[in-house]
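Take a look at this single chain, the form predicted alone, given in structure tokens.
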């Protein structure tokens, strides 16, 4: 996914600060850290047990010198002027995705990028009447929307948000650049910048 983003791999190779928001057990953070040894990686999740597991994984992989995991929400993780902020399949689950992206814009370096990986969905229901769309609608109804609605704001984007609705979230957060970098049958990969 990273090579699909304009200019990001080169920055990772040179060395930047990276935030993996909603990192869970930290697998995505660890994979990136192994691939880009000159960069420093920070994984954030609001779930203490997941962060505990991620810390253990970083130690097992010998990466604890440049990978750090901390408990923090998507709206209050520390400002390190990140060159890359990642959301792997989590923004649509958040109660306040607009608040999360506003925070990301504040803590993103001037030449940094946000990588958003979300379930692939068309902008209209009829675009999603296929086997993957049916599965995502079921998961969205029972998991994604329910989780979002249990949090502050409760926007409930869900797993079938569609590119236009995701772009609106970033527009509300004052991002001026939002571009589909790649897609698979299962995921939409977007790059956003100031």
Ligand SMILES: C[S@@+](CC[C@H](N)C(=O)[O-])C[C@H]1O[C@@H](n2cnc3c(N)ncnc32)[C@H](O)[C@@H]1O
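Numbering follows the first chain given and starts at 1. Everything numeric here is computed off the predicted structure, so don't read it as measured data.
What comes next is about the form predicted together with this ligand, which does not appear here.
This ligand is not shown here, but in the predicted complex it comes within 4.5 Å of a heavy atom of residue 47. Proximity of residue 55 to this ligand in the predicted complex: non-hydrogen atoms within 4.5 Å are absent; the residue sits far from the partner. Though the partner is left out of this view, residue 94 does reach within 4.5 Å of this ligand in the predicted complex, counting heavy atoms only. For the chain shown alone, residue 40 is not a contact residue for this ligand in the predicted complex, no non-hydrogen atom being within 4.5 angstroms. The listed set 98, 107, 72, 115 contains one residue whose heavy atoms approach this ligand in the predicted complex to within 4.5 Å, identified as 72. With contact defined as any non-hydrogen atom lying within 4.5 angstroms of this ligand in the predicted complex, the contacting residues in 76-111 are 88, 89, 90, 93, 94, given in sequence order.
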